[in-house]
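The data below hold one chain only, encoded as structure tokens and taken in the form predicted alone.
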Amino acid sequence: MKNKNYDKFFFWIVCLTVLAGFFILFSASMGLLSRDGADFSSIIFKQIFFGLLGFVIFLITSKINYKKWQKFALPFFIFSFLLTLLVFEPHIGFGHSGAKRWINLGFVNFQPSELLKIAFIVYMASWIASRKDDIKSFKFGFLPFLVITAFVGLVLIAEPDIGTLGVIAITGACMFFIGGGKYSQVALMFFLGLALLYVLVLIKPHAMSRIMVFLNPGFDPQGVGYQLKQSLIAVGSGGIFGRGFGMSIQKFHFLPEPIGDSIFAVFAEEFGFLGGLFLIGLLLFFLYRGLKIAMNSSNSFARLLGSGIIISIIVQSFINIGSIIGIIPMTGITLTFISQGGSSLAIALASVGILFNISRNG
């Protein structure tokens, strides 16, 4: 199993997705030209910069033997956790739209929860692989898993970043099951997740409003329901074939965050139902090929690490798409590889680099 060739088919899927993402972002960014204070060029050049940075990091992580990540899993996780806490430091951390998720590094803004996401996956892969048969135990497997996830969850709830918490929790549960967890334990996680969601709806007003919009898409169309309303108009007006590249109307003045979590609505308006199916199909191929790499690896750490990486990317992508078309509540998380977000793009590419190393050395 050593020194295999990289999975070239998977490589071209990644390249196609990133390239498509850049063109979609370019088109969506044009909608900002009509908005006061919007800087089209800075958005594009920033995404190019982080894309190139991500590609460099991808080359580095694809050369590092994945087994070395296991040795530094705990320090990496602790560092990422402490870095995420800096969003609450008033001189470094700052917020947007009521959420404190970023830190100012001087030359660039960084979202540490993106790093925490991959650090959690690396640590969980190492921890579950070391548990072996104990993972089925409530005391030595299930309970410690819940405690570790809860520590991460408390920080993300405080930001708040419920969308990222959902991605991490679902990814962690999948890894736990792949590592040997019982069906009953996964089912209990699901019900605990529902209970946590219920509590969040009670204590977080914005969470309650998003649930209300989900249950009734016509709720408060000029307020909390505005984004979903405009997203559905964009998706619906795209029809079967779309208006054509660059021809979206909703990105001008109407769609909130057209380069962020609403970018799929712009894509669907311009490329239509068939374009949306193509993008979803591309993501499903990405999932299939990535899981094939992970499951064909020779040891449990590689299987867990590779599975965690690919599942987290796909879960985030489908949560974003699902919220834009109204089949799940709005979360505010971005579409991986496509939405604006330097931290997300760079770290996603770095994560894929690890997966490429697994495809060669797994």
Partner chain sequence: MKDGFTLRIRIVYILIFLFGLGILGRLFFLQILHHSDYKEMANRQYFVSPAQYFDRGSIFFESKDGEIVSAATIKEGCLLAINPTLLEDPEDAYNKISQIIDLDKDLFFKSADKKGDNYEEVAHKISKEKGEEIMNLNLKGINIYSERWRYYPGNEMASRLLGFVGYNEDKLEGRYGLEKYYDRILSRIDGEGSIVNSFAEIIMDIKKVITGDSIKGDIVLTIDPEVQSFLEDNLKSIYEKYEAEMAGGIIIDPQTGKILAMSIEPGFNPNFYGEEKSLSVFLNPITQSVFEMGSIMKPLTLAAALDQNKITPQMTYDDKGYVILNNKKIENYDGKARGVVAMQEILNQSLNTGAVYVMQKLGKEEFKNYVINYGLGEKTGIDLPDEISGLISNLNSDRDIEFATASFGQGIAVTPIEMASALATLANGGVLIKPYIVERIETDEGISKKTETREKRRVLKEETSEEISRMLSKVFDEALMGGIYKMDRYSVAAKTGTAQVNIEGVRGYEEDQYIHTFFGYAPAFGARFLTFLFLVKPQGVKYASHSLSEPFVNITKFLLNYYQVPPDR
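Note that the structure is predicted; figures quoted are calculated from it, not measured. Numbering follows the first chain given and starts at 1.
Same protein, other form: the form predicted together with the partner chain, not shown, and the subject of what follows.
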Interface residue in the predicted bound form among 140, 252, 94, 190, criterion: non-hydrogen atom within 4.5 angstroms of the partner chain
252
Of 73, 207, 287, 213, the one that lies within 4.5 Å of the partner chain in the predicted bound form (heavy atoms)
287
Hey, of 109-117, 174-182, 158-166, 193-201, which bit sits against the partner chain in the predicted bound form at 4.5 Å between non-hydrogen atoms?
174-182
Although the partner chain is absent from this view, report whether residue 50 comes within 4.5 Å of it in the predicted bound form, heavy atoms only.
no
Consider residue 315 of the chain shown here, and say whether it contacts the partner chain in the predicted bound form, taking contact as heavy atoms within 4.5 Å.
yes
Would you please decide whether residue 227 lies within 4.5 angstroms of the partner chain in the predicted bound form, comparing each non-hydrogen atom pair?
no
Quick one: is residue 86 in contact with the partner chain in the predicted bound form, heavy atoms, 4.5 Å cut-off?
no
Just to make sure I understand: among 253-290, which residues lie within 4.5 Å of the partner chain in the predicted bound form, judging by heavy atoms?
253, 254, 264, 268, 269, 272, 273, 276, 277, 280, 284, 287, 288
